[in-house]
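Only one chain is included here, represented as structure tokens and corresponding to the form predicted alone.
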């Protein structure tokens, strides 16, 4: 008995149906998935264009609609039609909308302002010439009290003598300071230190150093004004406390040394690398056992283990979706400012990321050894010990090194929200507009990241 060949769909009817509703002609031509994809793509692009209300962008859904008719005719006639045209139309509309959303406007760029920021960064404050410090200071009481007499604002150290007149003063009051026994004919910086150790400049409008030159005998006398901000952190501004007035002289002795900010850069980068190392170590300890629970090939033996797999995978996806910077803000609230909060944030995010990578390695291993070990009647632990671990050690090691590399980069940002490391100093320098220190930090970050990237790449080459 001869079977009838199925009737071929009519190209004209397929085109008419797609003209009526995008994708309907493809469904009629027995291409259900293609028809559904065409309809969804058309509705998404049409909704996107309608939402932002730019008439010129309606060319994209209109073009997809016309292509859809052509495609339906081709599908009915068993002729292949490329999807490149609707893809380009959709991407063009999306890019045009994105351009408007991010408000791209090159005319708003202020090159003078940009150069004002960049110029100091090309003179990074990392090293300075080695200098010898000659320092003297005198105490002074602030404010004056009606109930107690201020101690003498006078101090002698060998041949050096420093004193202030009067012995006490209030905020913004004038004080005469003198020092002798210093280096002759040398610029001397005079600055104020509060009772809690805060430094206050005395020049300009309390925002610049005060420099006075000693005479040929090493003496100087000048007038200063008590800084206006020295009592802000004092709970009782009427309580008489002892402050200090410093006289600093410096002269070069040859060679280079880390500047003050350079020392902070080294300290911050050391913290960042250490934070990344500690976070990666803690993450590995937790991620390895979790990764076995998140491997489908190991957890699909029965409904109970499969349920554990689904729960673990869901939790990992949830934790991994939260950026470590957000986690750092949470941990700063819980444990306070400092590197410990940064370590916890990096560790939590790294656990989720490494557990996912480890589990995918486990899922991609050769099933032969696993089946051979199971055939001997081994339990789950023995299967993992003899069938899985020998295959995963090299890729696990490579992924761990790569994650440490990532954590070093992340640790430089986490410090900006109080998580310690170089970012903690960087955000303060940016706030103070100290672009020379910012430039030094950028250089240090780049050197450390490039070095670790090179070392980790070489190690991964040997392991994989």
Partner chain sequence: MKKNLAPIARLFWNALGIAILVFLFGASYRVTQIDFPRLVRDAYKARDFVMAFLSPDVVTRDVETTVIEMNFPVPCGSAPEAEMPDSGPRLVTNVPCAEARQTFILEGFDLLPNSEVNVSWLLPTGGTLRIGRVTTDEDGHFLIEVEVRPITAAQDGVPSRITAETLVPVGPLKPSQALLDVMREMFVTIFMALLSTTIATIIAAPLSFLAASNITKRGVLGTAVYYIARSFFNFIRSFEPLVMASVFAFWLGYGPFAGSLALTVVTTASLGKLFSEAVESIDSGPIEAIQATGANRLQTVLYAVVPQIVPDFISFIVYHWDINVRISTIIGFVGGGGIGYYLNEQINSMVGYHRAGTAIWAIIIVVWALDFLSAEVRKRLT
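These numbers come from a predicted model, not from an experiment. Here, rigid core means the biggest group of C-alpha atoms that superpose within 1.5 Å across both forms. Positions refer to the first chain, counted from 1.
Although it is not shown, the form predicted together with its partner chain is what the next lines describe.
inquiry  = Since only the chain is shown here, I'm wondering whether residue 437 would be in contact with its partner chain in the predicted bound form (any heavy atom pair within 4.5 Å).
reply    = Residue 437 lies outside the contact set for its partner chain.
inquiry  = Can you tell me if residue 375 lies within 4.5 angstroms of its partner chain in the predicted bound form, counting non-hydrogen atoms only?
reply    = No, no contact at 4.5 Å.
ask   = Does residue 16 make contact with its partner chain in the predicted bound form, using a 4.5 Å heavy atom cut-off?
value = Result no; residue 16 lies far from its partner chain in the predicted bound form.
ask   = Looking at the partner-bound form in the predicted bound form, is residue 289 within 4.5 Å of its partner chain by any heavy atom?
value = No, no contact at 4.5 Å.
Joint contact, 105, 271 and 333 to its partner chain in the predicted bound form, by non-hydrogen atom at 4.5 Å = All of them do, each having a heavy atom within 4.5 Å of the partner.
ask   = Though its partner chain is not shown, can you say which of 85, 277, 388, 81 has a heavy atom within 4.5 Å of it in the predicted bound form?
value = Here the answer is residue option 277.
request  = Using heavy atoms only and a 4.5 Å cut-off, determine which of 221, 321, 257, 382 is in contact with its partner chain in the predicted bound form.
outcome  = Answer to the contact question: 321.
key: Segment assignment from 391 to 399, 23 to 31, 55 to 63, 419 to 427: heavy atom within 4.5 Å of its partner chain in the predicted bound form   = Going by heavy atoms within 4.5 Å, the stretch is 419 to 427.
ask   = Mind listing which residues of 84 to 105 have a heavy atom within 4.5 Å of its partner chain in the predicted bound form?
value = Contacting residues: 94, 95, 97, 98, 99, 101, 102, 103, 104, 105.
Core superposition between this form and the one not shown, C-alpha change of residue 37 at least 2 Å = Residue 37: C-alpha displaced by 2 Å or more between this form and the one not shown.
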